[in-house]
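In the form predicted on its own, a lone chain appears below as C-alpha coordinates.
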Amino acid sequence: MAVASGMHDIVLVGGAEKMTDMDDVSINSVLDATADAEWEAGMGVTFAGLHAMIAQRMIHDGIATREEIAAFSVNSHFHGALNPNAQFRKAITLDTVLKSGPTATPLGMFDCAPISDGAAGLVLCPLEDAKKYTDSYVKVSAVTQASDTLALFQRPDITTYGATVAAAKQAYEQAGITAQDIQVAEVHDTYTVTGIMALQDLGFYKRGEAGKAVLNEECHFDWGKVAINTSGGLKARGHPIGATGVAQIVELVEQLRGSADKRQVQNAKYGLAQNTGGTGSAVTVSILEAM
(Lines give C-alpha, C1' and ligand atoms only; values in the text may rest on other atoms or scores of the structure.)
Protein backbone atom coordinates (compact mmCIF):
# COMPACT_ATOMS: atom_id res chain seq x y z
CA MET A 1 0.00 0.00 0.00
CA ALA A 2 2.93 2.33 0.72
CA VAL A 3 4.28 1.78 -2.81
CA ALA A 4 0.88 1.85 -4.53
CA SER A 5 -0.08 5.11 -2.82
CA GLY A 6 3.12 6.79 -3.95
CA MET A 7 4.25 7.40 -0.38
CA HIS A 8 7.42 5.36 -0.97
CA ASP A 9 9.27 4.35 -4.13
CA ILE A 10 11.11 1.28 -2.89
CA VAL A 11 10.23 -0.77 0.19
CA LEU A 12 12.16 -3.63 1.76
CA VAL A 13 9.88 -6.13 3.49
CA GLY A 14 11.57 -8.41 5.99
CA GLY A 15 10.35 -11.09 8.36
CA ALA A 16 12.33 -13.09 10.89
CA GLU A 17 11.87 -15.33 13.93
CA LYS A 18 14.23 -17.13 16.31
CA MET A 19 11.83 -19.54 17.98
CA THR A 20 14.47 -21.90 19.36
CA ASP A 21 15.53 -19.21 21.83
CA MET A 22 12.42 -20.16 23.85
CA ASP A 23 11.40 -23.45 25.45
CA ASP A 24 8.48 -25.48 24.12
CA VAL A 25 6.09 -24.44 26.89
CA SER A 26 6.72 -20.73 26.29
CA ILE A 27 6.33 -21.08 22.53
CA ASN A 28 3.04 -22.94 22.90
CA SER A 29 1.82 -20.26 25.31
CA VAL A 30 2.44 -17.66 22.62
CA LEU A 31 0.55 -19.73 20.04
CA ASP A 32 -2.32 -20.38 22.46
CA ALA A 33 -2.64 -16.62 22.91
CA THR A 34 -3.87 -16.31 19.32
CA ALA A 35 -7.06 -18.10 20.36
CA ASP A 36 -9.88 -16.70 22.49
CA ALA A 37 -8.35 -16.04 25.92
CA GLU A 38 -11.55 -16.25 27.97
CA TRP A 39 -13.31 -19.35 26.67
CA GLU A 40 -10.58 -21.28 24.84
CA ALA A 41 -6.97 -20.72 25.95
CA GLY A 42 -8.13 -19.58 29.38
CA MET A 43 -9.94 -22.86 29.87
CA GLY A 44 -6.89 -24.94 28.94
CA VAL A 45 -7.68 -25.63 25.30
CA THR A 46 -4.40 -25.62 23.38
CA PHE A 47 -3.82 -24.44 19.82
CA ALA A 48 -3.36 -28.09 18.81
CA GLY A 49 -6.57 -28.99 20.63
CA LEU A 50 -8.58 -26.42 18.68
CA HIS A 51 -7.32 -27.74 15.37
CA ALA A 52 -8.01 -31.29 16.54
CA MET A 53 -11.64 -30.26 17.12
CA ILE A 54 -11.79 -28.99 13.54
CA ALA A 55 -10.30 -32.25 12.27
CA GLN A 56 -12.74 -34.35 14.30
CA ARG A 57 -15.66 -32.37 12.92
CA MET A 58 -14.44 -32.69 9.34
CA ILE A 59 -14.10 -36.45 9.73
CA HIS A 60 -17.52 -36.70 11.41
CA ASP A 61 -19.18 -34.67 8.63
CA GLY A 62 -17.52 -36.69 5.86
CA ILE A 63 -15.55 -33.72 4.53
CA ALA A 64 -12.21 -35.53 4.77
CA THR A 65 -10.96 -38.83 6.16
CA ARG A 66 -8.09 -39.14 8.63
CA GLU A 67 -5.89 -40.47 5.81
CA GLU A 68 -6.77 -37.55 3.55
CA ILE A 69 -5.91 -35.03 6.26
CA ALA A 70 -2.59 -36.81 6.92
CA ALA A 71 -1.80 -36.75 3.19
CA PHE A 72 -1.36 -32.99 3.35
CA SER A 73 1.80 -33.51 5.40
CA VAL A 74 3.08 -35.99 2.82
CA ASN A 75 2.50 -33.41 0.08
CA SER A 76 4.38 -30.71 1.98
CA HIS A 77 7.34 -32.99 2.72
CA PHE A 78 7.43 -34.14 -0.91
CA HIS A 79 8.09 -30.54 -1.92
CA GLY A 80 10.28 -29.75 1.07
CA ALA A 81 12.66 -32.49 -0.05
CA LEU A 82 13.23 -30.45 -3.23
CA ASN A 83 13.76 -27.10 -1.48
CA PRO A 84 17.34 -26.44 -0.29
CA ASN A 85 16.04 -23.75 2.10
CA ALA A 86 13.50 -26.01 3.82
CA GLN A 87 13.92 -27.02 7.46
CA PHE A 88 13.01 -30.64 6.64
CA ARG A 89 14.33 -31.91 3.31
CA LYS A 90 13.08 -35.48 3.40
CA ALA A 91 9.99 -37.07 1.88
CA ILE A 92 7.75 -39.10 4.20
CA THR A 93 5.04 -41.72 3.82
CA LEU A 94 1.39 -41.61 4.84
CA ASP A 95 2.11 -44.33 7.38
CA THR A 96 4.71 -42.10 9.03
CA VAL A 97 2.10 -39.39 9.61
CA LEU A 98 -0.58 -41.78 10.84
CA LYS A 99 1.76 -43.52 13.29
CA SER A 100 3.50 -40.41 14.62
CA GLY A 101 3.21 -39.59 18.30
CA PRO A 102 -0.13 -38.06 19.34
CA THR A 103 -0.57 -34.34 19.99
CA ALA A 104 -4.37 -33.99 20.14
CA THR A 105 -6.64 -36.68 18.75
CA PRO A 106 -6.82 -37.27 15.82
CA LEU A 107 -3.72 -35.20 15.03
CA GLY A 108 -0.19 -36.46 15.55
CA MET A 109 3.24 -34.88 15.53
CA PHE A 110 3.56 -34.99 11.75
CA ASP A 111 0.27 -33.10 11.39
CA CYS A 112 1.81 -30.04 13.06
CA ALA A 113 4.19 -27.35 11.82
CA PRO A 114 7.54 -27.38 13.66
CA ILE A 115 9.31 -24.85 15.85
CA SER A 116 11.54 -22.96 13.43
CA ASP A 117 14.18 -20.29 12.99
CA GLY A 118 14.17 -18.39 9.73
CA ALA A 119 14.01 -15.18 7.76
CA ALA A 120 12.70 -13.94 4.42
CA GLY A 121 12.84 -10.68 2.47
CA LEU A 122 11.26 -8.92 -0.50
CA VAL A 123 11.84 -5.71 -2.43
CA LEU A 124 8.75 -3.84 -3.66
CA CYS A 125 8.57 -0.92 -6.07
CA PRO A 126 6.12 0.54 -8.63
CA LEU A 127 5.63 -1.89 -11.53
CA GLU A 128 6.78 0.64 -14.12
CA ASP A 129 10.07 1.10 -12.24
CA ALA A 130 10.90 -2.59 -11.77
CA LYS A 131 12.44 -2.91 -15.23
CA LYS A 132 15.03 -0.27 -14.27
CA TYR A 133 16.52 -2.67 -11.74
CA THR A 134 15.92 -6.18 -13.06
CA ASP A 135 14.56 -8.22 -15.95
CA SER A 136 13.11 -10.75 -13.51
CA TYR A 137 10.14 -9.42 -11.54
CA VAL A 138 6.51 -10.24 -10.87
CA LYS A 139 3.37 -8.14 -10.47
CA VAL A 140 1.37 -7.88 -7.25
CA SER A 141 -2.15 -8.27 -8.65
CA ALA A 142 -4.11 -8.40 -5.39
CA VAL A 143 -3.69 -8.16 -1.62
CA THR A 144 -6.77 -8.56 0.57
CA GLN A 145 -7.53 -9.20 4.22
CA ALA A 146 -10.61 -10.41 6.08
CA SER A 147 -11.41 -11.11 9.73
CA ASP A 148 -13.66 -13.41 11.72
CA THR A 149 -14.49 -14.05 15.37
CA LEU A 150 -11.53 -14.90 17.57
CA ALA A 151 -13.28 -17.92 19.14
CA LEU A 152 -14.30 -21.01 17.19
CA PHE A 153 -17.50 -21.51 19.19
CA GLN A 154 -18.88 -18.23 17.90
CA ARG A 155 -18.84 -19.40 14.28
CA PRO A 156 -21.69 -21.24 12.56
CA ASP A 157 -19.28 -23.80 11.03
CA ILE A 158 -15.76 -24.61 12.23
CA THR A 159 -14.90 -26.66 9.13
CA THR A 160 -14.41 -23.54 7.02
CA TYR A 161 -12.60 -20.27 7.56
CA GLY A 162 -15.04 -17.55 6.56
CA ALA A 163 -12.19 -15.05 6.50
CA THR A 164 -10.38 -17.10 3.84
CA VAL A 165 -13.53 -17.30 1.72
CA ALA A 166 -14.09 -13.54 1.97
CA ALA A 167 -10.46 -12.54 1.35
CA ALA A 168 -10.17 -14.92 -1.60
CA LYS A 169 -13.35 -13.57 -3.20
CA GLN A 170 -12.01 -10.01 -2.96
CA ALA A 171 -8.58 -11.07 -4.25
CA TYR A 172 -9.98 -12.80 -7.33
CA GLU A 173 -12.07 -9.74 -8.09
CA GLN A 174 -9.06 -7.43 -7.69
CA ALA A 175 -6.92 -9.56 -9.99
CA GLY A 176 -9.75 -10.14 -12.48
CA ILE A 177 -9.36 -13.91 -12.38
CA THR A 178 -10.92 -16.99 -10.76
CA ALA A 179 -9.56 -19.80 -8.61
CA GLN A 180 -9.18 -21.92 -11.74
CA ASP A 181 -6.54 -19.50 -13.07
CA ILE A 182 -4.13 -20.19 -10.18
CA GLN A 183 -1.32 -22.64 -11.00
CA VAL A 184 0.60 -22.55 -7.71
CA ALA A 185 -0.43 -21.68 -4.16
CA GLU A 186 1.19 -21.42 -0.75
CA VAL A 187 -1.39 -22.08 1.96
CA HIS A 188 -1.10 -21.82 5.74
CA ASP A 189 -0.73 -25.43 6.89
CA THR A 190 -0.01 -24.81 10.56
CA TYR A 191 -1.80 -28.13 10.88
CA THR A 192 -2.65 -30.54 8.09
CA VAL A 193 -6.35 -29.90 8.59
CA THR A 194 -5.98 -26.17 7.87
CA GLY A 195 -4.32 -27.05 4.59
CA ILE A 196 -7.30 -29.16 3.53
CA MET A 197 -9.70 -26.39 4.55
CA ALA A 198 -7.71 -23.80 2.60
CA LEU A 199 -8.00 -25.73 -0.66
CA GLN A 200 -11.78 -25.67 -0.30
CA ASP A 201 -12.12 -22.14 1.05
CA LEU A 202 -9.94 -20.75 -1.75
CA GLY A 203 -12.15 -22.42 -4.36
CA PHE A 204 -9.59 -24.89 -5.73
CA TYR A 205 -11.78 -27.85 -4.80
CA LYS A 206 -15.39 -28.35 -3.80
CA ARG A 207 -16.22 -29.22 -0.20
CA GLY A 208 -15.33 -32.85 0.42
CA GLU A 209 -13.03 -33.15 -2.62
CA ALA A 210 -9.81 -31.48 -1.42
CA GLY A 211 -8.69 -34.35 0.78
CA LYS A 212 -9.16 -36.87 -2.00
CA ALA A 213 -7.10 -34.72 -4.36
CA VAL A 214 -4.23 -34.46 -1.88
CA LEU A 215 -4.31 -38.20 -1.15
CA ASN A 216 -4.16 -38.87 -4.91
CA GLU A 217 -1.06 -36.66 -5.16
CA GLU A 218 -2.86 -34.16 -7.39
CA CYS A 219 -1.24 -31.20 -5.59
CA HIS A 220 2.33 -32.02 -6.63
CA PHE A 221 4.27 -29.44 -8.63
CA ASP A 222 4.24 -31.65 -11.74
CA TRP A 223 0.56 -32.68 -11.71
CA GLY A 224 -0.93 -29.96 -13.86
CA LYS A 225 -3.86 -28.40 -11.98
CA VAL A 226 -2.78 -26.36 -8.95
CA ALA A 227 0.48 -27.09 -7.15
CA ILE A 228 0.21 -26.64 -3.38
CA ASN A 229 3.01 -25.62 -1.01
CA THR A 230 5.88 -26.17 -3.41
CA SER A 231 8.19 -24.62 -0.80
CA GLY A 232 7.33 -27.43 1.61
CA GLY A 233 4.75 -25.28 3.36
CA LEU A 234 4.82 -24.49 7.06
CA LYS A 235 5.15 -28.21 7.78
CA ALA A 236 8.40 -28.91 5.90
CA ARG A 237 9.85 -25.53 4.93
CA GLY A 238 9.25 -24.46 8.52
CA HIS A 239 7.10 -21.96 10.41
CA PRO A 240 9.28 -19.14 11.82
CA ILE A 241 6.14 -17.12 12.55
CA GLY A 242 7.39 -13.62 11.73
CA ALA A 243 8.89 -14.81 8.44
CA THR A 244 6.20 -17.24 7.29
CA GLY A 245 4.01 -14.85 5.30
CA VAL A 246 6.98 -13.25 3.55
CA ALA A 247 8.46 -16.69 2.79
CA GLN A 248 5.22 -17.70 1.06
CA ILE A 249 5.56 -14.72 -1.28
CA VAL A 250 9.23 -15.52 -1.91
CA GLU A 251 8.26 -19.01 -3.09
CA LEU A 252 5.64 -17.63 -5.46
CA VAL A 253 8.16 -15.17 -6.90
CA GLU A 254 10.59 -18.03 -7.52
CA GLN A 255 7.88 -20.04 -9.25
CA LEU A 256 6.63 -17.17 -11.42
CA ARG A 257 10.18 -16.21 -12.41
CA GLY A 258 10.88 -19.83 -13.35
CA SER A 259 13.73 -20.15 -10.87
CA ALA A 260 12.32 -22.83 -8.54
CA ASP A 261 14.68 -25.50 -9.93
CA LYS A 262 13.63 -29.11 -9.20
CA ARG A 263 10.17 -28.13 -7.94
CA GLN A 264 9.37 -25.72 -10.79
CA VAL A 265 5.72 -25.51 -11.85
CA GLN A 266 5.71 -25.26 -15.63
CA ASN A 267 4.26 -22.13 -17.26
CA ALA A 268 3.00 -20.69 -13.97
CA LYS A 269 1.16 -17.42 -14.64
CA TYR A 270 -0.65 -16.76 -11.35
CA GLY A 271 0.34 -17.64 -7.79
CA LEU A 272 -1.67 -17.24 -4.57
CA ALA A 273 -0.60 -17.04 -0.93
CA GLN A 274 -2.95 -17.50 2.03
CA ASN A 275 -1.63 -16.47 5.44
CA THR A 276 -3.68 -17.05 8.58
CA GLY A 277 -3.73 -15.60 12.07
CA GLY A 278 -4.99 -17.73 14.96
CA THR A 279 -7.67 -20.24 14.01
CA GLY A 280 -8.73 -18.21 11.00
CA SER A 281 -9.60 -15.02 12.90
CA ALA A 282 -7.58 -13.02 10.34
CA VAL A 283 -6.58 -14.07 6.83
CA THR A 284 -4.57 -12.34 4.11
CA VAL A 285 -4.70 -13.49 0.49
CA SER A 286 -2.19 -12.25 -2.07
CA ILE A 287 -2.11 -12.94 -5.83
CA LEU A 288 1.04 -12.50 -7.89
CA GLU A 289 1.28 -12.52 -11.68
CA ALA A 290 4.22 -13.46 -13.91
CA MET A 291 5.43 -10.71 -16.24
Partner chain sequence: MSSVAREWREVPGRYNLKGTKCTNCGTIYFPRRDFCPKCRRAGIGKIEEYDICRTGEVYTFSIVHDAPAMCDMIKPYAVVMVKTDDGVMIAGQLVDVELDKVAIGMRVRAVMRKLSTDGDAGVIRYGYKFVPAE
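In this text, all values refer to a predicted model and were calculated from it rather than measured experimentally. Residue numbers count along the first chain shown, from 1.
Another form exists, predicted in complex with the partner chain; not displayed. Remarks below refer to it.
Taken together, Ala52, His60 and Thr103 are fully in contact with the partner chain in the model of the complex: each brings a heavy atom within 4.5 Å.
Among the residues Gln154, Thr93, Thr178, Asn216, the one placing a heavy atom within 4.5 Å of the partner chain in the model of the complex is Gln154. A single residue from the set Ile241, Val250, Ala41, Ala260 has any heavy atom within 4.5 angstroms of the partner chain in the model of the complex; that residue is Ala41. Contact with the partner chain in the model of the complex, defined as any heavy atom within 4.5 Å, is confined among 28 to 36, 232 to 240, 219 to 227, 262 to 270 to 28 to 36. Although the partner is absent here, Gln56 sits close enough that one of its heavy atoms falls within 4.5 Å of the partner chain in the model of the complex. By the criterion of a heavy atom within 4.5 Å, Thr65 is excluded from the residues contacting the partner chain in the model of the complex.
Proximity of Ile158 to the partner chain in the model of the complex falls within the 4.5 Å heavy atom cutoff.
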